[in-house]
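Starting off, we have a lone chain in the form predicted on its own, written out as structure tokens.
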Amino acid sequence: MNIFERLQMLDRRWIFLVVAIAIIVPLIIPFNSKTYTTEPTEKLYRLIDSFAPGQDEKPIEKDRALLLVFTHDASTMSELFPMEVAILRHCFARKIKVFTLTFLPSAAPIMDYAINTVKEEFPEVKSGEHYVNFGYKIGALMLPIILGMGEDISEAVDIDAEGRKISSLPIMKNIKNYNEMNLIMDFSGSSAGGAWIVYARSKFGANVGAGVTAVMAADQYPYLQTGQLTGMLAGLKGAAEYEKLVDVFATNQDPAKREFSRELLKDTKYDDAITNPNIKTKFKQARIGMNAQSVAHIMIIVFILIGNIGYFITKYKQKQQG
């Protein structure tokens, strides 16, 4: 019995064990790898970064803000949560006003968890002044809220998750509607951004972005091509790309290097983030996950190739003997 015949008879549990080890080891012992950023991610980053105040802490033209909509439950957190953390980290680091909202009851605790995860590193960030959590609103109010925010956000939402009157919060001083809250980022495990594209973008011209699981990304590309989606984060790869952009630009201590630059992206030192002890593990989860995912995919491809080669060799031998 040759090696290929032995492999054909191998107990599949050994294969599962090898794949499990291939996933676990990179998670326990992270290693650096190159993260290449793509245009849909870069466009989102650049738009959000354009909302940041100038170096004198005064708005460049007028206040800008973005809305993060959580439309997923815990089953898709592994792909979507790192995106949400990366964008919140970007906003808090660059003093960009951000609002959060969900129409899904199971997403409300995830929304709180994301905000609190990032706030730990930004003690100066205050609710009602730098960000507002609108909290959970019942699904029946989705359309009235989407349309209402096109006229007046404080009237459409009324109170936040803490029971405070929206109109009384300092953050709303120069924020009225989609003219100022000019990006809606919808995170979903299915069809992200649909209602926002149909109503907020079509009627009011608001920018809409999407954060989706990798398996759903293909469905969103037509909206990217038509410009209905400003940008998109696709799966763990999109989250890893955004993490890198935040590390390279948003958290850069040199103000002169905070502006997006492809030349700066080529600097290899920014690909050492995974093993950099100065960067919290929670801010590089997507890149660590991508390493484990890549190793597992390679192992699976190797097994598929070996299995197919062994199958055809075995069939060939049987034909020759037979």
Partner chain sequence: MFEIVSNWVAAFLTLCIFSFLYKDNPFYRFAEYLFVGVTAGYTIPLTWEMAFIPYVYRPLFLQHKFILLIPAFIGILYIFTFNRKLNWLSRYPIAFGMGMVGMGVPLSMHASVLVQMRGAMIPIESINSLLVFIGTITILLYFYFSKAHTGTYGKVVKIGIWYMMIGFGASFGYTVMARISLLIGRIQFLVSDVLHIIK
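Numbering follows the first chain given and starts at 1. Computed from a prediction, not measured in an experiment: that's the story for all the values here.
Beyond the structure shown, there is the form predicted in complex with its partner chain, which is absent from this document and is the topic of what follows.
Stretch 193-201 is the contacting one of 179-187, 86-94, 246-254, 193-201, since its residues have non-hydrogen atoms within 4.5 Å of its partner chain in the predicted complex. At least one heavy atom of Ala292 is located within 4.5 Å of its partner chain in the predicted complex. Proximity of Gln228 to its partner chain in the predicted complex: non-hydrogen atoms within 4.5 Å are present. Remark: Thr268 does not count among the residues lining its partner chain in the predicted complex, judged by a heavy atom distance of 4.5 Å or less.
At a distance threshold of 4.5 angstroms between non-hydrogen atoms, Met111 is out of contact with its partner chain in the predicted complex. Contacts of stretch 299-313 with its partner chain in the predicted complex, defined by any heavy atom lying within 4.5 Å, are made by Ile300 alone.
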